[in-house]
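Only one chain is shown below, in structure tokens, and it's the form predicted on its own.
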């Protein structure tokens, strides 16, 4: 009976109830869109970093990540290669030689991270091949180089032009070689495009006076949820002379952003909730003051204060749950096309590319976001109705009946 009374009482003042309902619906839509867009941007930044270079797991010599000099090459790469080939959970791996050097053209020079790769291995690890905007990917021929668009613009070179690469060799001498630009790529990060150049691994080994030395193995897992399991197995097998790092350890700032966002999203919930709460308090107070005589009659015929208190809370709860359902449906219908086509923020492309997110953001709506919104909004509605419900429950029946 209380549910029936509460539902009928809501629509006794149609306009006021609709306004409250609209505030709940708009608030929930705002939460869904803001939450999904923020999660999508952060996850996109993380995926871009993983897909551009980092991979899921990297294997180095102990200390290489803190001091990535060529002298810190992997001991016994054949052993690591065999272990990765046999390790369950490892889908693909790629061998790399990495060094910092200078690439120069006739008109300029720039410091870069030179990455020596086997193209057929690396194509399973990174998205560089798919990011090509000019030319082709590396082959097995020496003296070819693939560079980013920003680096090409800085050096003022194009396809077919020659560049000179120099880096410190293993002996301490300066190793150098001439490369022809065969491909130009463009990722979601302009900073990455300025600073990474790819060459054929044996060619870089020769330039650095390496024999068969390798700087790192980049690993892609079949199931990302098994990363800790695979990491622990590799650490146990390889021993203390190696370091096995997951992308969470290699990209701590981005991973921290995800964790910080999960904590701070409740601040946004609180702002929306407080705004709705004041609206609900105002609406329910007006409703209570308009029905003082009616409440007096109900109390006089036997309705207990507790039931009156619960009835008013139910009114707020029904308003909140109705707005939540409508807002969730509308928010999800708005989210679906945005998740498919993305939100084009090309007007802010330079800023977005500098942080590695790209100019098109694809929102991601997680189950946690939906559950949080569905529970938070009705709870806020009930909290907002507590004070008006207490005012009604404390009414004196005689005074209330005489109220005009």
Partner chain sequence: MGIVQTIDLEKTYQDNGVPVHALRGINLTIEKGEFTVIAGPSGSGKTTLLNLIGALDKPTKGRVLLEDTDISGLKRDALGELRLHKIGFVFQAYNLIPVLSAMENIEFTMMLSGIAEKERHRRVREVMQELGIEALAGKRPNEMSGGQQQRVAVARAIVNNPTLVLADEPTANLDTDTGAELLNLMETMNREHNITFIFSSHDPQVIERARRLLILKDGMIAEERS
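Whichever C-alpha set is largest while still superposing within 1.5 Å between the two forms counts as the rigid core. Numbering follows the first chain given and starts at 1. Every value quoted in this text rests on a predicted model; they were computed, and no experiment measured them.
One more form of this protein exists, namely the form predicted together with its partner chain; it is left out here, but the text below deals with it.
Proximity to its partner chain in the model of the complex, taken as a non-hydrogen atom within 4.5 angstroms, holds for one residue of 248, 307, 154, 180, which is 307. Listed residues 90, 234, 299, 114 were compared with its partner chain in the model of the complex; 299 is the one with a heavy atom within 4.5 Å. Although the partner is absent here, residue 5 is a contact residue: one of its heavy atoms lies within 4.5 angstroms of its partner chain in the model of the complex.
Though the partner is left out of this view, residue 386 does not reach within 4.5 Å of its partner chain in the model of the complex, counting heavy atoms only. For residue 400, no non-hydrogen atom is located within 4.5 Å of its partner chain in the model of the complex, even though that partner is not displayed. The shortest heavy atom separation between residue 318 and its partner chain in the model of the complex exceeds 4.5 Å. Look at 122-130, 79-87, 287-295, 185-193: in the model of the complex, residues with non-hydrogen atoms within 4.5 angstroms of its partner chain sit in 287-295. Proximity of 12, 303 and 393 to its partner chain in the model of the complex is complete: all three residues have a non-hydrogen atom within 4.5 angstroms. Shown in the overlay between this form and the one not shown, fitted on the rigid core, is a CA shift at residue 308 of 2 Å or greater.
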